[in-house]
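To begin, one chain is listed below as structure tokens, in the form predicted on its own.
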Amino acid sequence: MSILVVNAGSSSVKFAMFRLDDLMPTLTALLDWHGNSHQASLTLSRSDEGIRTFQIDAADYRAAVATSLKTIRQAMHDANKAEPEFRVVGHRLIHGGEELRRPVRIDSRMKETIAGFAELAPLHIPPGLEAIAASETALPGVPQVGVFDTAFFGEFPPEVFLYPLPYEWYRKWGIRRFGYHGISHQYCSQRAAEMLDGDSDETRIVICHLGQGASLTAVRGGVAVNNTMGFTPLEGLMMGTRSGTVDPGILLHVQREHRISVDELDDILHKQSGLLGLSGVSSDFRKVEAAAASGNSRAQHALLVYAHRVREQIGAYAVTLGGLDALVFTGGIGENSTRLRRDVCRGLECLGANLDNKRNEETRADGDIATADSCARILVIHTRENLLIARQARELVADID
């Protein structure tokens, strides 16, 4: 008996299978369109067989996910000479609002609730709903469970979640800060506590989830006390194509003076800004790094801005926590870019965080890259969102049983 995890994004879908009894991973897969709207590749990796790649016709998102699930089931059948049995499918869902702070069983009413948040996370919620529909078709009768990125931030106090806007906007329209990437931040906070050999209620951790999307979370004793993302995932740090926080006066200015429409502005802020917008090279951090190394000044500036914004937010959260016991780097960029970690940590000695340059170059997740005498530890952690989703989905169906 297995658990299937489906993590749907705007241009890719990650799959993972775990054994129900001990949560050992048995398969991972990535469905990736590579910018091609009509065809995608499905890359399967099994612990007992290596990597295989399949071409998937992508007439639409739902069909591509359904075909991928069929391919995954066939691959497992070929390996084990039997059809895999699934106890539950766990979905990563980016938004649960104020009400949905725990994993939920997904039914038609719950899908309507989730769809109501689509405007707040347009790159993630529609694909997530399509993936749910495909999973229901491919695995009829198997419980579908949603695990929400916003849930980890459900204990934010009013001074954190309220904006300095008319209070009626919150009361009538629900405009408030939610926070995102919560599944990753929750896993990393638990893993960091293990690596620090303690479970103190006062352990102060700042987690840097840096990938195509990027956010920081301040955690005290395993509880999130702030996150850089807000009402939408657009707030906060500079990202691959998203701007992060900018002066709202700029947005009013370009609308009034340059006749940029709301829809155009939405597209620019979500898809044409960040690393891509500043560098003019790519939204891929690796390509921007390569361009910077070859002398591209715009790429160099983009990397400096990126690191500066991460570093200043670390400082703010260290003050919020009253100190820093550990700094965590995770996500595709945080885990793999030694340059980014070096640039971010430059100047953090005042917080007691001293980077060991040799360890930074040599260490892979999960590891400690701080100097031996550093007061705060600097950890590189491989985020395992899928494992946390599988664990919580298993707990929910066990409670139902």
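The first residue of the shown sequence is 1; numbering continues from there. No experiment lies behind these values; they were computed from the predicted model shown.
If you look for the form predicted together with a small molecule, you will not find it shown, but the lines that follow are about it.
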Proximity to the small molecule in the predicted complex, single hit among 360, 28, 337, 374 (heavy atom within 4.5 Å): 337
Give me the residue from 203, 300, 283, 71 that has a heavy atom within 4.5 Å of the small molecule in the predicted complex. 283
Given a 4.5 Å cut-off on heavy atoms, tell me which of 284-292, 252-260, 188-196, 97-105 is the interface stretch with the small molecule in the predicted complex. 284-292
Could you tell me if residue 212 has a non-hydrogen atom within 4.5 Å of the small molecule in the predicted complex? yes
At 4.5 Å between heavy atoms, is residue 352 in contact with the small molecule in the predicted complex? no
At the 4.5 Å heavy atom threshold, is residue 369 in contact with the small molecule in the predicted complex? no
Might residue 64 be said to contact the small molecule in the predicted complex, defining contact as any heavy atom within 4.5 Å? no
